[in-house]
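Starting off, we have a lone chain in the form predicted on its own, written out as structure tokens.
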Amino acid sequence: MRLMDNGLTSAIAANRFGLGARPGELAAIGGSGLDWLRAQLDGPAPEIGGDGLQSSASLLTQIYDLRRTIQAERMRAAAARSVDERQAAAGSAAAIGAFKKLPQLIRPVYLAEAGARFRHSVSTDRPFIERLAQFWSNHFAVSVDKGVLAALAGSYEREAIRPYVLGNFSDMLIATQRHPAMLLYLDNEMSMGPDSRAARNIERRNPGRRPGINENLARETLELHTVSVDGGYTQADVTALSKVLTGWSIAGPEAWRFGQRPGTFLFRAAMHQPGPQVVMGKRYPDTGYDQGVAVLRNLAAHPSTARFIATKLARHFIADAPPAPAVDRVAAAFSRSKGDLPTVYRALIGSPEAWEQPVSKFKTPSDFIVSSFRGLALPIRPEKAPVWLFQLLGQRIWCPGSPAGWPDGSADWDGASELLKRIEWADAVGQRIGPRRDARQLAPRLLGSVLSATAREAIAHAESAAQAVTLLLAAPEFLRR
């Protein structure tokens, strides 16, 4: 593929496919943005580490222990109520004290995870891979506004997304559907087949009570994760897949007695709906856990999944209205390679359409924040990353509010009030660091050939260094990618 002006390709590579150029990065990219992106696909995906980062299993074990303490104190208070009011009051106070420890556990974990992710985004030398990791994290979204998900969202991304970003789509799909965060978020951990052994036992002990399945995970797997709402599935397919996924659960606090680590994935055979199931025209015999794996792998390989993923990638990286030739090219690569993601990415960045229409995508708040820190080399305190800023500008980390994830169109982010918030923050940044940054020199180094004469002129004639920084961050070319 022959690309246009080299200066333009370097700017597009850094700002559209990366996370915003750092000073000197466009010069380092040099003559070919495409080669720079291809080189980032070599080697394993980067890992994120840092103090305060724990596994999901470790966190769930601590949550289990706290919940057990809360329950024990409540029972002690209830038992003492008929005997001694003072003992009952003490028990209630102890239960409340234990309950308050739950957010004291969760909040520092969330801040540590979100801070580690942010620091990595700002400092990484492989920003294309980081953008891909965050794309997939949003595709397989969980949201921290539900239950204990604030403690698990970061470890979920580290355990079920990042290891597979340069792997195969079907492996990532299975890893996400098995992860405790997804099982809790979509309420699958207690989904029970109505004809399962566990359900029959419950009904035997409690006549008239018949446990059932939860369809949340199955529905989102079909609608949001694989074939899409236009992929040809029916309600019958949702029901069948939900039966297939019964028993996909999480090991409880006593699982260690049976050689299982608490807080890890556990297939509960007793809860699994027996019998074969038909999903999207294909019959799957009852092979327990493997039945679910077989369905997920076939969904991952479905032509509708290839087109859905290709469309989302083209929308995210190229334009709000994904160009049809690029979608066709990426979908074909997905199908031909059986979901090999590096092959898919090479088809994406090799599409001529990916290098046209510079600065066509309006940045999300996250993109704007990260690119500002990268471009201005803003300091980040090691012990306290500015996680609050994402919420201030409207995109709290791992909090899309629904399984659909954050929206990816410019119209979702370019409203007047949202723009005003960015300008106000840009002004505060300018006041704070303006005298220590020369925006006149930085602008072409960060935006390259994308920088317009109008923006260059406005920055050059700013009344002060502080105002020049504000004008750089508020420039249309900086607000877009």
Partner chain sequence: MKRREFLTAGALAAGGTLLSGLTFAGVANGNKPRLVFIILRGALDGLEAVPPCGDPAYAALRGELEIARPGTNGGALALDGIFGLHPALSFMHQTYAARELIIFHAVAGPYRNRSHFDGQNVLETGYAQPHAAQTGWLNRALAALPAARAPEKTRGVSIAPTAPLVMRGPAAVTSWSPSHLAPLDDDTLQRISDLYSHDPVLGRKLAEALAAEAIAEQSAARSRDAMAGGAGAHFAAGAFGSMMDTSGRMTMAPDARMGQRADRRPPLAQRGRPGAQYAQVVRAAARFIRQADGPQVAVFDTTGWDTHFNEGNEKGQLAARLAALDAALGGLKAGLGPVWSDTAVLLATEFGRTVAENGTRGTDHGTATAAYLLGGAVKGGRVVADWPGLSPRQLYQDRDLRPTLDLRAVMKGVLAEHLGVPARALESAVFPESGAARPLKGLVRT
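Since this is a predicted model, take the numbers as computed values, not measurements. Numbering follows the first chain given and starts at 1.
One more form of this protein, predicted in complex with the partner chain, exists but is not displayed; see below.
If you check the partner chain in the predicted complex, you find a heavy atom from every one of Arg209, Val387 and Ala416 within 4.5 Å. A single residue from the set Pro403, Pro358, Gly247, Gly339 has any heavy atom within 4.5 angstroms of the partner chain in the predicted complex; that residue is Pro403.
When you look in the predicted complex, the only residue of Tyr110, Phe140, Phe128, Phe169 with a non-hydrogen atom within 4.5 Å of the partner chain is Tyr110.
Listed stretches are 247-255, 155-163, 218-226, 300-308; the contact stretch with the partner chain in the predicted complex is 218-226, by a heavy atom cutoff of 4.5 Å. Although the partner is absent here, Gln441 lies well away from the partner chain in the predicted complex, with no heavy atom inside 4.5 Å. Among heavy atoms of Ala474, some come within 4.5 Å of the partner chain in the predicted complex. The shortest heavy atom separation between Ala39 and the partner chain in the predicted complex exceeds 4.5 Å. Contact check for Ala462: a heavy atom falls within 4.5 Å of the partner chain in the predicted complex. Residues of 405-434 lying near the partner chain in the predicted complex, listed in sequence order, are Ala411, Asp412, Trp413, Asp414, Gly415, Ala416, Ser417, Glu418, Leu419, Leu420, Lys421, Ile423, Glu424, Trp425, Asp427, Ala428, Val429, Gln431, Arg432, the criterion being any heavy atom within 4.5 Å.
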